[in-house]
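Before any questions on how it binds or moves, here is one chain, the form predicted alone, in structure tokens.
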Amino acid sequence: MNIEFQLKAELKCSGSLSDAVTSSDLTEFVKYCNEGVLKKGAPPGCGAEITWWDVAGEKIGLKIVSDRFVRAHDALFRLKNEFGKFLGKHRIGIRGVEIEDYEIGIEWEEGLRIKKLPFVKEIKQEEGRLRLFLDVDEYALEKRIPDRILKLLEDKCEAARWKGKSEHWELLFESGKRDFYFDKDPTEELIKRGWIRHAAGRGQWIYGPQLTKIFRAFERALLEEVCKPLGYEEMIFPKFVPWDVWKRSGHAKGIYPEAYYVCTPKTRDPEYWEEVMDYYKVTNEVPLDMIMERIEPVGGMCYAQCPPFWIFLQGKTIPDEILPITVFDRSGTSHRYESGGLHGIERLDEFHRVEIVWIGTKKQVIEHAKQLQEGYRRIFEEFMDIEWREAWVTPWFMAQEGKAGLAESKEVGTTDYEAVLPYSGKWLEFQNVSVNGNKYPKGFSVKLQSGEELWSGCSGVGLERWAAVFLAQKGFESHKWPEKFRTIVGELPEVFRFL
């Protein structure tokens, strides 16, 4: 990729240069930098160059032009160090750097429009090139903001290419045909029977005793057929997730349109909140604008269940003999803002899952995923007796970043389980098994004693999804349910009646 950098800056000095340094000395020094310092590490004929310089009182003005091999901001810091040595002989130091203009030109696809970027005050797109006019200071350059902007552009370009492809989906297995005993939307029947009722929140339900008992039966089958035989131990994972966790897990790259945000008061001082409280007392309305001024977003509600668990292992070294580690969590709800996609109990903003996590060497994690899949198959075939299929799909973390294709190897990726909904003929994804490779151990700095690479996998069991496919196929007449499931669920309680 062809990239050009043009940077105009001033070095602020601790004293006047006019009397201390001659013009010829500076000319020789600039020549020395152009021929050596600014070419270091670059191929022959490449690197950075000072194309203009000027001295005025206590400031040295510089214009640096460069290519991608020695980027202009890196060249500026090299010059700052060299000028510091050079002027130190005259007892003058460099106090700081002031950026006047910074322009980056990059080859760009004509059809891909970029409207706005962080730290960029103006964008011009013309004749196959993108020109960025940056709004940065010395601190931003030290934080390598220009490099991160260029990486962001690469990601946007790659995401645009992925959008032209369909999501990868490869059928691995399909069950035999099953008898269906229902042909309607199960959510409508659940409402009609009074087993569920819309809660006050968006995409949120209150589950009555009957459906709750069905959920617990699913959990029991999962524990007996999968978790106990594979040596799982139960843990409790946090359901509030701070920003640092999502940064490490990778979710911070794209979670924002789907997150449920958590905010804390900027202070608990009652006087600070008195105006808000008084407004409500007078109007009986909650003053949202006034509240927004007084709160601070500190993270979000649980989106994917396992990321906050990794804080338990962060920065630790694990002995090889305790592998594989197998744990699960079923302690609370997950939350996703399903914009425009809400439907019944299968597409919600608040839902219930059992999250299964396993950790080990690469070989152990891949083998354990196969054992987990075998356990699921037994449940789907023997306990639920549903019509289902298994497919290899785009890994979740690629899909979240806008990439529709699949990793070259099938070692890292996701297996989806889908069941047909007789009332619509559509297939619903209701279960998955993901081998995530070293993504989480690397993100949370977890190491193995032997030095071998640590891998992990996760699998979310969505109780609403399991209920949706089971009831859609098997209906509500419990005597028609599979015997093994009837044994687990027992009699469904009748608690409420309404006049």
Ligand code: ATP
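In case it trips you up, residue 1 is the first one in the sequence shown, and so on. A quick note: this is a predicted structure, and the numbers were derived from the prediction, not measured.
The form predicted in complex with the named molecule is left out here; the points below concern that form.
Taking non-hydrogen atoms only, E346 approaches the named molecule to within 4.5 angstroms in the predicted complex. Interface residue remark: P441 is not counted as part of the site for the named molecule in the predicted complex, having no heavy atom within 4.5 Å.
Proximity of G47 to the named molecule in the predicted complex: non-hydrogen atoms within 4.5 Å are absent; the residue sits far from the partner. In the predicted complex, the named molecule lies farther than 4.5 Å from every heavy atom of K474. Just one listed stretch, out of 81-89, 425-433, 226-234, 265-273, contacts the named molecule in the predicted complex at the 4.5 Å heavy atom level, and that stretch is 425-433.
Screening E338, D244, D147, E411 for any heavy atom within 4.5 Å of the named molecule in the predicted complex leaves a single hit, E338.
Interface residue among H168, R71, R353, R178, judged by heavy atoms within 4.5 Å of the named molecule in the predicted complex: R353.
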